[in-house]
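A lone chain, given as structure tokens: the form predicted alone.
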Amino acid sequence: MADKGHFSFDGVQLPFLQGQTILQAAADAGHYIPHLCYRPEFPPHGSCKLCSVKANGKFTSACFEPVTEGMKVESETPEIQGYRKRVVQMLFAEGNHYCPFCQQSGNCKLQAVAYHLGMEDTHYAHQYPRRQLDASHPDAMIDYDRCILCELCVRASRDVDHKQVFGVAGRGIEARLLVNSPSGLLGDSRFSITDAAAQVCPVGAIVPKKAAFAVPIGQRRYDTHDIGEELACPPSENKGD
């Protein structure tokens, strides 16, 4: 049996198993830490920074940082929640996330986290990017304006589907999602709607065709409960549930 210990999470003593990260230990104990680029079936990536907490007084990513005996973790403080809200506001300002017109509205994690954090505006000036829409595949499409570069599709295609359909090129504001095909289009790639990569996008960037309103608005995942009630993301999660 793995060694056990205890750490302080917002002043409450929680148990942890040796080797767990802060996010994993908190989730096992029923405490939600907002995140977008993390799923338990993939190695942590740490790209969104939304799960940032203070561990022993220093900012760190909860998906990466191992818990240690006696560690003091702060998560729900006004300072950290304010930081998370700014991160989400920047993601909205950097892309074109028009929730009322997006077929993922109600199933979108970015939208759900914004509600959870009480975001009422985007704070930052919108950049209104004009990126390509790829509808070349018969069963799915990519709206690059909604991609938050979490790289979940990259990891799923590489590690689960073993196809390496997706990749990210560039840095900073020049970073962008790429499709590995002769034309750069999804329809010319090895992508299939049954791929794991087709199921993991947390926003409306990679979406199936002909399924936009299979579940009516108002009855979707986050229309009926707060994302904080889910704690961790089970491997079987399907955003279209």
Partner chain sequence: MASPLGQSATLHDIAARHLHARHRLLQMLREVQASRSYVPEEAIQFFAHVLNLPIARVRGCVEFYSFLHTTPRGQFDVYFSDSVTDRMAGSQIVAKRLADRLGVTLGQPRADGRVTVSMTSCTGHCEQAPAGLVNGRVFTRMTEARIEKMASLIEHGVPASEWPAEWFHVDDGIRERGITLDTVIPPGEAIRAALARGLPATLDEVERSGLQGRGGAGFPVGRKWRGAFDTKGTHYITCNADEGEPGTFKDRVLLAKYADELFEGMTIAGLLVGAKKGYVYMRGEYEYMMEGLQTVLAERRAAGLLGENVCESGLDFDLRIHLGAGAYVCGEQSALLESLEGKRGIPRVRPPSAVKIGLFGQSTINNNVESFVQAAQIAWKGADWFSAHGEAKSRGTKLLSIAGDCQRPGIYELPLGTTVREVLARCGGENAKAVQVGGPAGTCVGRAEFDRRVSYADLSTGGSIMVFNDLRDMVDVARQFAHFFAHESCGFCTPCRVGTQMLKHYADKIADGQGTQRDLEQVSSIGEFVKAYSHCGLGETAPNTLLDTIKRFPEEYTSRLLAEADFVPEFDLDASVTESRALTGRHDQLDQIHSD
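Positions refer to the first chain, counted from 1. Small disclaimer: the values here were computed from a predicted structure and weren't measured.
The same protein also has a form predicted together with its partner chain, omitted here; what follows describes it.
**Student:** Should Ile148 be classed as touching its partner chain in the model of the complex when contacts are defined as heavy atoms within 4.5 Å?
**Tutor:** Contact with its partner chain, yes.
**Student:** Decide whether Gly70 counts as a contact residue for its partner chain in the model of the complex under a heavy atom distance cut-off of 4.5 Å.
**Tutor:** So Gly70 does not count as contacting its partner chain.
**Student:** Is there a non-hydrogen atom of Leu178 within 4.5 angstroms of a non-hydrogen atom of its partner chain in the model of the complex?
**Tutor:** The answer is yes: Leu178 has a heavy atom within 4.5 Å of its partner chain.
**Student:** Is there any non-hydrogen atom of Gln132 lying within 4.5 Å of its partner chain in the model of the complex?
**Tutor:** Contact with its partner chain, no.
**Student:** Looking at Met119, Cys99, Ala93, Val160, which has any heavy atom no more than 4.5 Å from its partner chain in the model of the complex?
**Tutor:** So the residue touching its partner chain in the model of the complex, by this definition, is Ala93.
**Student:** Heavy atoms within 4.5 Å of its partner chain in the model of the complex: which stretch among 211 to 219, 27 to 35, 56 to 64, 191 to 199?
**Tutor:** Looking at the other structure, the answer is 56 to 64.
**Student:** Tell me whether Leu14, Gln18 and His225, taken together, all sit within 4.5 Å of its partner chain in the model of the complex, counting heavy atoms only.
**Tutor:** No residue of the spot touches its partner chain in the model of the complex.
**Student:** Listed by sequence position, which residues of 153 to 178 have a non-hydrogen atom within 4.5 angstroms of its partner chain in the model of the complex?
**Tutor:** Sequence-ordered list: Gln164, Gly167, Val168, Ala169, Gly170, Arg171, Gly172, Ile173, Ala175, Arg176, Leu178.
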